[in-house]
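Taking the form predicted alone, here's one chain by itself in C-alpha cells.
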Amino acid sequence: MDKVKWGVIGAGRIARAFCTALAEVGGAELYAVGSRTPDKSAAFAEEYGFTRSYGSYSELLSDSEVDVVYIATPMAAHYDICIEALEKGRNVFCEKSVTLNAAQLRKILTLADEKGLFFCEAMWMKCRPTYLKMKEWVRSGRIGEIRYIKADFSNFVPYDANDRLFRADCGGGALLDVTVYPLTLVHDLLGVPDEIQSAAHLDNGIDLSSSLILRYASGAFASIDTGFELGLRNNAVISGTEGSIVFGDCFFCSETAELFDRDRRLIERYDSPARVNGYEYEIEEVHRCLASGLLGSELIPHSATLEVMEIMDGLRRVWGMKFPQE
C-alpha cells in the first residue's frame, strides 16, 4: 500500500496526541474518525484533516477503505470495539490497557489469529528510541545481571466521580491507566514474577494508589509505586551486577537514559528528543508491521501483553477489585 489509511475511534485527549503525530508521519493518511457524537467527530476531522467523519464507531468500522483502526476510547469499551473491528476485517491498534482482563484479551487474540489480521496494544513506551537503547545496553551485558528495578508512575488527579479514571464502569483506577507502564517495563526485563507483595488504596471500586514488590527466583526484585494521589518523580532505575541504567523523569516517555558503571560513574548518556511528541515511533512500527505482513509487533508481542494483563488480574483478585462488566 502506498499510504496506510488510518481510522481513529474516539476523539479525546489521547486521540489528539496520537493524531498530532500521525499527521507528521510519512506514509500515514488521516482517513476517518469515529465518535459517538457526530458533531464532535466532524469537528475533530476538520481540525486534524481527516477525509471522513462518522457519528458512530460501527459506521467507521464498516468502511472497507480503513487499513488499520486506532482505538482510543475508555478501556471498558476496548473489548467490544476490538471484536467488532476484527469481525469486520480491520487491523487493530488499541490503546493500553488493551482490555479489562486477560480473558477478554485471549478472545481478541484468538479472533485476530483466525482472521489473519494485525493486532497490537499501543504501548508507545516500547517503541521509543530511549527505551530501545536501554534494551540494547541490557542485552549486550553493559550492566551485567539485573538484580533490582525501581519504577514509579504517579499523577495528582483531582477526584471527579464523573471522570473515567474514577469510574469502575469505564475501567477506571490507577492499575490499568498508569501501573501498567512500570509493570510492562519490569516484565520486559525480568518476565513473570514468582511472587508479588502488594498494598492498594481502594475507593468506590477502583484503586487510587498502590505499592508493589515483585520477587524472582533468581533473587532479583522490583519495586513499583503508582497512583492518582501520590507525588513521585516517575523515574526508573535498572540496577545490575556491573552497573545501572537511569531514566529521566517520566521514564515511560523519557528522552534521556544514562548508563553507569558499578562505581556509579557515568559511562554513557543517550539523548533522543522526540521528532513530534513521541507517538510517531509506535505509528512507524505499525506501518513496518503492515508492510511486512506481520500480525503483531516484535516490540510489543501478544504474549507479553497477555502476561502483563494476567499479572494485573492477579493483583485485582488480591485487592478484591472487580469491574462491573466482570
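Residue numbers run from 1 along the displayed sequence. Computed from a predicted structure; not experimentally measured.
Below: the form predicted in complex with a small molecule, not depicted.
Asks: Only one of S210, T73, S254, T184 gets a heavy atom within 4.5 Å of the small molecule in the predicted bound form. Which one?
Replies: In short, T73.
Asks: Please tell me which of R269, R36, R288, R262 lies within 4.5 Å of the small molecule in the predicted bound form, judged by heavy atoms.
Replies: Here the answer is residue option R36.
Asks: State yes only if every one of S154, D225 and G248 has a non-hydrogen atom within 4.5 Å of the small molecule in the predicted bound form; otherwise state no.
Replies: Looking in the predicted bound form, the three residues S154, D225 and G248 all stay beyond 4.5 Å of the small molecule (heavy atoms).
Asks: Taking the shortest heavy atom distance, is F119 within 4.5 Å of the small molecule in the predicted bound form?
Replies: Although the small molecule is absent here, F119 would stay clear of it in the predicted bound form, with no heavy atoms inside 4.5 Å.
Asks: With heavy atoms only and a cut-off of 4.5 Å, decide whether Y131 touches the small molecule in the predicted bound form.
Replies: Contact with the small molecule, no.
Asks: Is F50 one of the residues lying within 4.5 Å of the small molecule in the predicted bound form, judged by heavy atom distances?
Replies: F50: no contact with the small molecule in the predicted bound form.
Asks: Consider W124 of the chain shown here, and say whether it contacts the small molecule in the predicted bound form, taking contact as heavy atoms within 4.5 Å.
Replies: Contact with the small molecule, yes.
Asks: Have a look at 314 to 322, 19 to 27, 5 to 13, 300 to 308 and name the one stretch with heavy atoms inside 4.5 Å of the small molecule in the predicted bound form.
Replies: That would be stretch 5 to 13.
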